[in-house]
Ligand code: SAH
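Shown here is one chain on its own, the form predicted alone, set out as structure tokens.
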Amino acid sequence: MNVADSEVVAAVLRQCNYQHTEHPEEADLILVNTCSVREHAEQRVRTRLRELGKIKQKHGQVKLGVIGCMAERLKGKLLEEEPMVDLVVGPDAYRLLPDLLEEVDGGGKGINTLLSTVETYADIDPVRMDKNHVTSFISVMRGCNNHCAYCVVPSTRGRERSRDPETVIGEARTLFDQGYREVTLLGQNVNSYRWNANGEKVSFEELLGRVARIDPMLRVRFTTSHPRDLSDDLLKQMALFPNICRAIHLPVQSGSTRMLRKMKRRYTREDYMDRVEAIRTYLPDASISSDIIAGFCGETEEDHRQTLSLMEWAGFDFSFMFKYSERPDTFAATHYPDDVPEAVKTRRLNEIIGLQTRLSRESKEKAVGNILEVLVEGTSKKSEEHLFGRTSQNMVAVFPRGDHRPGDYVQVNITACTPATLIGHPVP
């Protein structure tokens, strides 16, 4: 999501004659796009700001700004704590960057962290900063209404609002015409996309189908799904289109219904299992990935065992796994003690990671011996003679280059694997 936002920011700045550079020491303006979901992410931002501050000291004309969720959460406090920062801009104020830069040029500080109920940046043509020119992101909605107990997103990104579907379809069609072969539709809770204006009502499943109809050669992905909103209708729609990728990211967070209630996730363990079974019914070849939190407030050993057992039952192909990190001003921070000892959190996380490593390896092993379609994204990091790409199930595959190039669809016979990567040879 931050990649998509950065591309919007680059488009806004291009209107006032800024050009993107990969080298901070060449820049007149450096913006750090931030996340506040975990404390570690904010600590990394502060470390990075101090590194960039050295560039600012050396080249006095450089302007340094913080944009995104951390800017929204801390607001003016960030200017006090990080005096080298000139700009603090929340995720709904990117259009105002030219005006804020003028304030900095006049000797002041630029700050705007007002949240909007309507801003979607639908009319802005993002500056694509991807390196492969094969895959790209399209933000279809912004904000979140769920208010999970541990999450800062509703306060840093505001309430849900959806883009006009015609702007989404137009952006996807333009990308395809430019040579892109995969788009990922983004939303904090993408399944809750709803457009209702001028007598037109469009659900997410309808939007997904309309994007898939642009061309059979355009792969379509989406993220992130909330289990409560992953409907049978959406799964049926996916089953109609081979170019809608067979990969669903479905965060569970915990396998314990007691923990899920404390987290305010609004589903039970059984509800989540029902959604996994629905995926297996309508999309038997789909991969399922997840998010898992270890050591949430009040988590017992039994709660932890239930998470491990759910992981085992679901057989997740991949997971993002984290220790619970208390975030200021969330429901959990104000209502629950962060009472699981750090050593216990670490041990539980390591057990989760160990299990997921095995599940990931088993998932890859099931692919060995099959011929899978791979969309080539680029050259392998380990060998110039090999390419890498992804299957519909979002598994990375590596194979000899031959005459293939990025953007090609290649039938690959999978002959071996690691826990993270499929290895194979193109089918003649």
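So that there is no doubt, residue numbering starts at 1 and follows the sequence shown. Note that the structure is a prediction, hence the values are computed from the model and not measured.
Form predicted in complex with S-adenosyl-L-homocysteine: not shown, discussed below.
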Quiz item: Where, among 97-105, 127-135, 245-253, 277-285, do residues come within 4.5 Å of S-adenosyl-L-homocysteine in the model of the complex by heavy atom distance?
Solution: 245-253
Quiz item: Can Y324 be called a contact residue for S-adenosyl-L-homocysteine in the model of the complex at 4.5 Å between heavy atoms?
Solution: yes
Self-check item: Residue contact check: N191 to S-adenosyl-L-homocysteine in the model of the complex, 4.5 Å heavy atom
Solution: no
Quiz item: Heavy atoms within 4.5 Å of S-adenosyl-L-homocysteine in the model of the complex: does E166 have any?
Solution: no
Practice problem: Verify the contact flag for C151: yes if a non-hydrogen atom of it lies within 4.5 Å of a non-hydrogen atom of S-adenosyl-L-homocysteine in the model of the complex, no if not. | Solution: yes
Self-check item: Interface residue in the model of the complex among I111, L78, L260, I293, criterion: non-hydrogen atom within 4.5 angstroms of S-adenosyl-L-homocysteine
Solution: I293
Quiz item: Though S-adenosyl-L-homocysteine is not shown, can you say which of R219, H304, R142, R265 has a heavy atom within 4.5 Å of it in the model of the complex?
Solution: R265
Quiz item: Considering only 19-53, what residues come within 4.5 Å of S-adenosyl-L-homocysteine in the model of the complex, judged by heavy atoms?
Solution: V37, R38
